[in-house]
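Okay, so here's just one chain, in C-alpha cells, the form predicted on its own.
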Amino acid sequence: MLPILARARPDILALQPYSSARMEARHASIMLNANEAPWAPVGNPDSALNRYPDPQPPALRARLAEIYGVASAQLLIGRGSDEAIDLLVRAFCREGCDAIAITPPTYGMYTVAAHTQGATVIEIPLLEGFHPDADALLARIDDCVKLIFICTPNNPTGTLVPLATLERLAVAVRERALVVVDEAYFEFARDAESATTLLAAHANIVVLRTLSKAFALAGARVGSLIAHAQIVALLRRVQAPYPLPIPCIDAALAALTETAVTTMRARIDIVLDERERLARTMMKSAQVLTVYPSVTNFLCARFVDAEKIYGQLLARGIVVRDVSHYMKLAGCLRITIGTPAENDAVLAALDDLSTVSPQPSL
C-alpha cells in the first residue's frame, strides 16, 4: 500500500466499494441488471438517457489524460473540482480529530468541505504580494493535518505559486499529508509548468483541474483529480456511483476535440490581452487604488470605496465579486475578464463614477 494512504481514514480504507450496475455490464447487449427503463425517454427518442452513464467514461478519461499528460489510472473524473475537494476531505479527515491547512485569502470551498466533515481548518496567511509562507506553513503542520490546499493560480488574488515551493512542501510532509494543488485557472497562466510534472517523484501530490474556466463548461460541472493510481482508487470508494450525466460527458468530449482546443487557446489569448487592457485602464481611474498582478482570467483590485462601487456597478447591470471580507483584501473587488464589450462597460462605469469619496476603505 502507498505509505501516504496510511493517513486516510481507517474506515474508508476498509470500506467495500459499491459496485454499480454499469460497472458489471461489461459488453452485454441486453442489460437487465440496473432496473432502467427499456425505452429512450419521451422527447429524446434517439438518446441513451434511459441508461446510467459509465462511472468513469473511458473516452473522456483517455482524452483528459492525454491533455494533462498523465496515465488514465491517475485520473478521477467528477462534478467539478468541488467534488474532488469534498472527496479528499471525506476520505482523509475524521470528525473532531483531523485538520486541513489553507493559505488565505484563497478559495472558500476548502473551508466549507472541512467544516462539513467536522475537520479543523488551520490558516497560514499569504505573505505580502500574496505568496505562500512555506516556513510558517510547515511550522504549523502537525500529526492532525492530513491535507494542505494550495490554489495556484490563486483565487481570488490571481497569483502563481512557484513549482519549487510546491515540491518543497511535498518533500517536507512526504508521508504525513497530501499537498493538494488546485489548478482551476492553470490554462490562463501562459508558460507555467503544471504540478502534474511532480507526480512521478512525489506520491503525496494531488492536482485538481477543471473544464469550467478555460474550456467554458461551468454549467456542465466536469473536473478531474490527478494523483497516484492508489489514491484515485481510494476516492472512487466514496464517490457517487454515476457522478457525470451523459449530456455533460458529451459536452466535455465536444470541448476537447483538437479543433475545440485550438479555439479555446485563441480565446485565452483574447482574455489575456483584455486583462492587460483592463488593468492598465483601471489604474487610471480615481476609484482604483491598486490592481494586483494576475495570471488568470480575473483581476483583484482595491477601490477607494469598494462597497459603493459594487452597488453602483450593480445598478448599471454589472455584477462583480465582492471579496472585501477575505483576509488581507479589505476594499477589494474581483472582476472576471469578459468580452471586449463587457470590459468596455466596466471601464465606462468606473469613468462615470467620479464623485466617489477619495477616502480609502479600511
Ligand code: PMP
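Residue numbers here begin at 1 and follow the sequence given. For clarity, every value in this text was computed on a predicted model and none was experimentally measured.
Same protein, other form: the form predicted in complex with this ligand, not shown, and the subject of what follows.
Student: In the predicted complex, which of the stretches 131-139, 236-244, 282-290, 183-191 has residues with heavy atoms within 4.5 Å of this ligand?
Tutor: Careful reading of the contacts points to 183-191.
Student: Though only this chain appears here, would residue 228 touch this ligand in the predicted complex if you measure heavy atom gaps against 4.5 Å?
Tutor: No, residue 228 sits far enough from this ligand in the predicted complex that none of its heavy atoms falls within 4.5 Å.
Student: Since only the chain is shown here, I'm wondering whether residue 158 would be in contact with this ligand in the predicted complex (any heavy atom pair within 4.5 Å).
Tutor: Answer no; every heavy atom of residue 158 is more than 4.5 Å from this ligand in the predicted complex.
Student: Is residue 74 a contact residue for this ligand in the predicted complex, using a 4.5 Å heavy atom cut-off?
Tutor: Outside the cut-off, so no.
Student: I'd like to know whether residue 151 contacts this ligand in the predicted complex, with contact meaning heavy atoms within 4.5 angstroms.
Tutor: Contact with this ligand, yes.
Student: Taking this ligand in the predicted complex, would 80, 110 and 210 all count as contacting it (heavy atom within 4.5 Å)?
Tutor: All three within 4.5 Å in the predicted complex.
Student: Could you list which residues of 214-248 come within 4.5 Å of this ligand in the predicted complex, counting heavy atoms only?
Tutor: Counting only heavy atoms within 4.5 Å of this ligand in the predicted complex, the single contacting residue of 214-248 is 221.
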